[in-house]
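First, one chain by itself in structure tokens, the form predicted on its own.
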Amino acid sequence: MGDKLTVRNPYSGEVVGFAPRNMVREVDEAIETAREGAAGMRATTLHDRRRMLTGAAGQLQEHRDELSVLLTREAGKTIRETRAEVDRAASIFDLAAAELVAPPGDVLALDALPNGAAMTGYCMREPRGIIGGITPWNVPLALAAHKIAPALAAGNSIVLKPAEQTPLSSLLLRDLLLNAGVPENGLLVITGLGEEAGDALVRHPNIAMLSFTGSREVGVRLPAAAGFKKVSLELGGNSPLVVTPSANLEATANAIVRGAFAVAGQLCISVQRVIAHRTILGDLLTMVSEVASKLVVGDPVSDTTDVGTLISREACDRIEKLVADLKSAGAQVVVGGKREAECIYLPTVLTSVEHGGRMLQQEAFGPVVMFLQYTQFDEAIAIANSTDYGLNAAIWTNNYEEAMRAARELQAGTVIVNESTTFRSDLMPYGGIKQSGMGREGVRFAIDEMSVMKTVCFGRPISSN
């Protein structure tokens, strides 16, 4: 079946289903259809768009069980995680609908300057046209919603290309949105390989904006390939979590475990490096190890499973090698550190990790958290900032001055105080600095990115008499 993608369950290896392997021709056809859709979406009223978006949220909730099971089978995430993801995706559509009650715009006080004494004006936002969206496999439904909902809210059409590992959930999402009233030419989903369908989408001149979520290795090449179009990139991370002596260690330990091992560590904002003061490192490490060792690893469909699978055997191979390399460099395994099945790697806690080592600079993207220690606060900030990434960073402290210094000095798109690095509200601006990307998601902010500002200026009517 060379013209199809075979989707397999990473836990059992069974075939979940098939999706078309779209090539350049199919991508071109989809974009041509989306050109008609862009004109139609531009003509819709805000009421029309709100109705589509609230209908989409309702469809997601109505099909919650079906979507959850499909996501678990496609991506190997636990059923509890995928239920939460469906709920999250539904709320993203609701948030987008709510933004249309008071769309952005400004009245301009043109008469504040002498040349505008007889003028008045305002700003409005207009759709860009066709949005090209590319999404990864780790949060396939919610991240598709983060592309689709603001694109439609802004009056665009959108062509979505999901990851080849998890295309089925996006195809089902498309069907549900069409049921909710989204025009067929307003939302198109192309499925295929990144180097085929993805590249064709990126390079197409009729795409007005490209919104990409994925790896740094792919993302850094996209602006040059995309040509003269707006590009938004949400790439990888290497999230630090600083712990000071004033922190509540029990709460911190729970947040570390939650943030390091959710989705088997396959989040770009997973807790990867814990930077703890030397006076509390031992106690914190003991608490984290106790909680982590009790996590239930196994069949993602079971309600009792805490940690599911990695996306593939190759991903598990990569984590296995990363841990082996860290051990060779002197790191010690406190919990885990071994493979349990073809796509399962046990939640792993490492200590005595060499600061500045090459492996520490990588994005693990797996169930591995590394502990480092510091003595002076300046040292903690320096360690936290010592990567090319800058997505999310966190600090646990009950000291106001430390919290404010961290907010100012940590190099990240988001700094979080007394929560995990994985905290994200879908209504806040979300994105990174350095090689973690450019542009911002979060519904209102994505609507701004997916629209353009137009300024209108009126002069006083001049009488013909």
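One rule holds for the numbers: they count along the sequence shown, beginning at 1. All values derive from a computational prediction rather than experimental measurement.
The next section is about a form of this same protein that is not shown, the form predicted together with a small molecule.
None of the heavy atoms of residue 183 is located within 4.5 Å of the small molecule in the predicted complex.
Shown alone here, residue 223 lies farther than 4.5 Å from the small molecule in the predicted complex, counting heavy atoms only.
A residue is said to contact a partner when one of its heavy atoms sits within 4.5 Å of a partner heavy atom; residue 161 meets this definition for the small molecule in the predicted complex.
Within this chain, residue 218 lines the site of the small molecule in the predicted complex, having a heavy atom no more than 4.5 Å away. The partner is absent here; in the predicted complex, the one residue of 298, 337, 121, 194 having a heavy atom within 4.5 Å of the small molecule is 194. Between the options 272, 72, 169, 213, the residue in contact with the small molecule in the predicted complex by a heavy atom within 4.5 angstroms is 213. Comparing 378-386, 242-250, 198-206, 276-284 against the small molecule in the predicted complex, the single stretch with non-hydrogen atoms within 4.5 angstroms of it is 198-206.
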